[in-house]
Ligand code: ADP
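Below you will find one chain, with nothing else, as structure tokens; this is the form predicted alone, and questions on how it binds or moves follow later.
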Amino acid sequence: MEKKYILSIDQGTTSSRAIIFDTNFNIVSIGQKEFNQIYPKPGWVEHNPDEIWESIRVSVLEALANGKIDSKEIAAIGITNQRETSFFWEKEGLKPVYNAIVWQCRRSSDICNRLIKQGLEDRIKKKTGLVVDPYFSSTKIIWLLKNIPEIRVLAEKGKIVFGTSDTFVLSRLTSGDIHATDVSNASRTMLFNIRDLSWDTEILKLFKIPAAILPKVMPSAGVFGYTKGLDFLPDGIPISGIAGDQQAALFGQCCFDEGEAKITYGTGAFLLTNTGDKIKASRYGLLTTIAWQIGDRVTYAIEGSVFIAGAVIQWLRDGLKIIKSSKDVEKLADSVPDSGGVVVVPAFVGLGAPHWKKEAKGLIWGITRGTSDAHIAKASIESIALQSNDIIEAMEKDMGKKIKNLKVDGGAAKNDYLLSFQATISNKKVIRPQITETTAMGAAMLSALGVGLVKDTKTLKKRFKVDKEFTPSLKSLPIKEIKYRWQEALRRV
């Protein structure tokens, strides 16, 4: 049977999705399954690994059924994933030993504070490119090993392993044969030396983390392993591309050249700029990360992460209940000409780049008797762009030059007001591609490269198509006043 499709597994923060592409990278079908968010304590966030695996199984079966595709027609599989979320499971049997600790979880704040007080932050940042924050995997591992004694015992005996969700999914797809990750995901653990391209022995010793629990690190494109023993896919399909979701989106947006940038508006918002083979150390609160590795060539990026972006719209729906579905927010916001002076700072899990305020709390500021739900909705949309703009300004300072264009993707990229406001507040052209599923697209492209379905990135770039461009146009907005109010609100969180 002809192998004519690429399956992209997108294991996200709130759902898992399976997107099937043809070999020209057109979407053929999609399957999706949400899973539960677990909040054991304020500031703690967990996922059930078995529920995540089942969500992948269901979404793959749904995608195959929707596209009327025989699973034997799948030529390759790519994986992209929520990055820093930490999974722990038995080496034999693959049984989870604890819930996955999600990237949003703040339980390891005290551990981070101790590391900073010990004067270790600069050394860690130089090696890993990351600031010391609960966001990253290492302090989640430290917390688990310290607080669940039986897991420490199992780890030291070599009976359990650690991985980000790509590693967990890869392990399950191969029935435990492969325990591996790619460089982009490894670079998000705060354990990986982005210069030496290896797990850093000094940091592992400092953190008392057994090296044996860590996965093998491989390039982002290439055969990691083959499907085995599944009830929803045949044996022998190569898993040939892996990248963390934001790096995959940068790749899927065809930002292959130094200086090209993208924003993904998902649960959080993530701005990455390709810095080529150069490691850019940030002076303004951003992160240095590995974008991808193809063959021996490593591409780096500078990154800023907004913890709460699309999630603020979910909060309007599920918390305040001022909209019934996320798509209703634009209509509600359009019913008023501006935010009425209201500023929303959605620091529900602290503030990320460039502020890095771990203990920050959310804020609605500037409310008057005339404030309506529409003003709050508009201010919530604007908060996504304002947080992103803080990163853009910091990034331009670090790079010493302006970013000309921003390619955008993610669920909120469908919101025209958000993109118009982003273009205006940042004074940039904002480009929305025809296919906004660029995270899954990036994983599919990497997997295609990994098995030789395409030759190089030049071939891929020719297939990029623009849906709409947004230029600075909301001239009636008092930009200086909006930025001033935003900074005043940030001071108060």
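Computed from a predicted structure; not experimentally measured. Residue numbers run from 1 along the displayed sequence. In this text, the rigid core denotes the largest set of C-alpha atoms whose superposition between the two forms falls within 1.5 Å.
Below: the form predicted in complex with the named molecule, not depicted.
Margin query: Counting any non-hydrogen atom inside 4.5 Å, which residue from 109, 71, 314, 371 sits next to the named molecule in the model of the complex?
Written below: If I apply the 4.5 Å criterion carefully, the residue I get is 314.
Note to self: Quick check on this chain: which one of 96, 225, 410, 215 has a heavy atom within 4.5 Å of the named molecule in the model of the complex?
What the structure shows: The option sitting close enough to the partner is 410.
Notebook entry, point to check: Would residue 200 count as touching the named molecule in the model of the complex under a 4.5 Å heavy atom rule?
Noted result: Taking the distances in the model of the complex, the answer for residue 200 is no, it never comes within 4.5 Å of the named molecule.
Notebook entry, point to check: Can residue 330 be called a contact residue for the named molecule in the model of the complex at 4.5 Å between heavy atoms?
Noted result: Flag for residue 330 set to yes.
Check: Do residue 414 and the named molecule come within 4.5 Å of each other in the model of the complex, heavy atoms counted?
Finding: Residue 414: contacts the named molecule in the model of the complex.
Check: Given that the partner is absent here, does residue 326 sit within 4.5 Å of the named molecule in the model of the complex, heavy atoms only?
Finding: Output for residue 326 is yes: heavy atoms within 4.5 Å of the named molecule.
Next item on the list: Pick the stretch from 130 to 138, 386 to 394, 149 to 157, 264 to 272 whose residues have a heavy atom within 4.5 Å of the named molecule in the model of the complex.
Entry: That would be 264 to 272.
Notebook entry, point to check: Against the rigid core, is the Cα displacement of residue 198 between the shown form and the other one at least 2 Å?
Noted result: Result for residue 198: no, shift under 2 Å.
Notebook entry, point to check: On a core-based superposition, does residue 113 travel 2 Å or more at its Cα between the shown form and the other one?
Noted result: No, its C-alpha moves less than 2 Å.
Margin query: So that I can tell if residue 411 moves, could you say whether its C-alpha shifts by at least 2 Å between the shown form and the other one after the core superposition?
Written below: Yes, shifts by 2 Å or more.
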